[in-house]
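Taken one at a time, structure 1 and structure 2 that follow are two forms of one protein chain, written as structure tokens.
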Structure 1
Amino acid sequence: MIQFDHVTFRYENADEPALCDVSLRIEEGSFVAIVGHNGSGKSTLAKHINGLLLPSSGTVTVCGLQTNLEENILPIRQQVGMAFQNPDNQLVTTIVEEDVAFGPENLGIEPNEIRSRVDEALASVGMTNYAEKAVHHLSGGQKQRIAIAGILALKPRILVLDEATAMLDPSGRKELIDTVKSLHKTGMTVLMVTQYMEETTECDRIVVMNHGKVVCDDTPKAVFSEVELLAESNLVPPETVKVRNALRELGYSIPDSVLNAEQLAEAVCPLL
């Protein structure tokens, strides 16, 4: 569904390329995390998916359309929805349901269809009861879910989260991640750019970036076992994985498949 072929990208006046010969394949319906330290190139990669940035060399193909062809940009952006760091920058009206309806209205969609899309989108993110609320009364996590509802009302096939949890508190991050997991279960393709490794434990794949290059692309289980590579990339495994490893060093039998808190609890309880 998404294909990077030897993509290099350099910002104007930059000494080094932000992306360096990146090749990557994302299958339809997958849930992929893109991780890396600040400046690793992960957000630059995300912005290539809907044509916000275009490669200096190489090609990006989304749903069979190359982003470097001007006539493809609008069709690609109709397939790819993006949520960014600050939810306040993505909300354009004062009432929740009006904000969710903003995109479809600008596409000239019939009012009855807009009403249906707004209701469906709000239900998808668990915000139906907030439809008539003022946006400025919402928490950061709720605002981000409304921003995603506005994206869903446009019926995209791909959702890209560019550090969408970065400005949220822990409860807001959990709300948003739970929402994203639910959307993925409906078949939506999700790419999540994040610095919070604990958010990646239930993804299908983790792509680790460092200095503009993909240095690892594998399952969470495999990536978290690459201790030296994570350290070189200035990344720290989730707390649950660190606890698992500490218990194993003490002689307890904890399988590699234990990645999140629930799995850790299930593995530890029989040992008590």
Structure 2
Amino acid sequence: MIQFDHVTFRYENADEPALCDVSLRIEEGSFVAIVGHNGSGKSTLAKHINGLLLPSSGTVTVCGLQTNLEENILPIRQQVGMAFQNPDNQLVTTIVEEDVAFGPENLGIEPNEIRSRVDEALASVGMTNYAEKAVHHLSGGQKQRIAIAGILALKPRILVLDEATAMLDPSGRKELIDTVKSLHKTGMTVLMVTQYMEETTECDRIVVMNHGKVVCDDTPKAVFSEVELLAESNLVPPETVKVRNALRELGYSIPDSVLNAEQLAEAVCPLL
């Protein structure tokens, strides 16, 4: 569904390329996390998916459309919804429902159809009661859910979250992650760019970026066991995994599949 073929990208005046010969394939319906420290190239990668950035060399193909063809850009952006980091800087209008309508309005959709899309989108993020509220009275988590609703109103097949949880408090983060998980259950392909490894334990797959390259691409349990690789990439595994690895050093044999507190207790108690 998303295909990167030998993509290299260099920002103007930059010495090092931000993406370096990246090849990647993402299947329909998958839930993929892209992790890396600041400057690892993970956001640059995300911005290639909907043609906000175009590869210096190589190609990106989304739903069969190549991003470097001008006429493909609008159809691609309609398929790929993208939410960003700062909840304040991606909402365009004052009133919640007007903001959600912004995307479909750009596509020139029939007013009645926009109305029903807006209602549907607000319902699926659980914000129906806020339709006529002013955006600036909402919490960070609520703003991000409105941003997601604005994307859903475009009826995309792919949802890209570019560090959308980074500025939220724990409850806002949970709100957003729960919303995204429920969307994934309805068949949405989700790509989550993040630096918080805690958020990635339930993904199908984790792509680890470092210096513009994909350094690891595997299931969470396999990636979290790559202790050295994570350290080299300036990443910290989830707290529970850190404890698990430390206990292993004490001589307890705990399998790779242990990723949360419950599983850890389950694995370690019989050994005591």
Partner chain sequence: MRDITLGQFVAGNSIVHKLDPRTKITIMLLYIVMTFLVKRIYFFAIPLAFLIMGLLLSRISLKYIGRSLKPIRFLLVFMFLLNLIFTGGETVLLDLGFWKLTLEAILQSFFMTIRIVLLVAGASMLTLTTSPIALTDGIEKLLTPLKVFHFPAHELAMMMTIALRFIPTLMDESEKIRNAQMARGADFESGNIFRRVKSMIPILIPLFVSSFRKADELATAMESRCYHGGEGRTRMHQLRFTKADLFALLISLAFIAVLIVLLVLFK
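What we label the rigid core is the largest C-alpha set whose atoms superpose within 1.5 Å from one form to the other. For numbering, take structure 1's sequence and count from 1. In this text, all values refer to a predicted model and were calculated from it rather than measured experimentally.
Colleague: Tell me which of the two structures is the form predicted together with the partner chain, please.
Modeller: That would be structure 2, which is the form predicted together with the partner chain.
Colleague: Once the two forms are fit on the core, has Val32 moved its CA by at least 2 Å between structure 1 and structure 2?
Modeller: It does not reach a 2 Å shift.
Colleague: Can a Cα shift of no less than 2 Å be assigned to Val214 between structure 1 and structure 2, given superposition on the rigid core?
Modeller: No, because once the rigid core is superposed, the C-alpha of Val214 moves less than 2 Å between structure 1 and structure 2.
Colleague: Rounded to the nearest whole degree, what rotation separates the positions of the smaller rigid part between structure 1 and structure 2?
Modeller: Rotation of the smaller segment between structure 1 and structure 2 is 20 degrees.
Colleague: Following alignment on the rigid core, what Cα displacement (Å) is computed for Glu249 between structure 1 and structure 2?
Modeller: Spelling it out: core superposed, C-alpha of Glu249 shifted, distance 4.8 Å.
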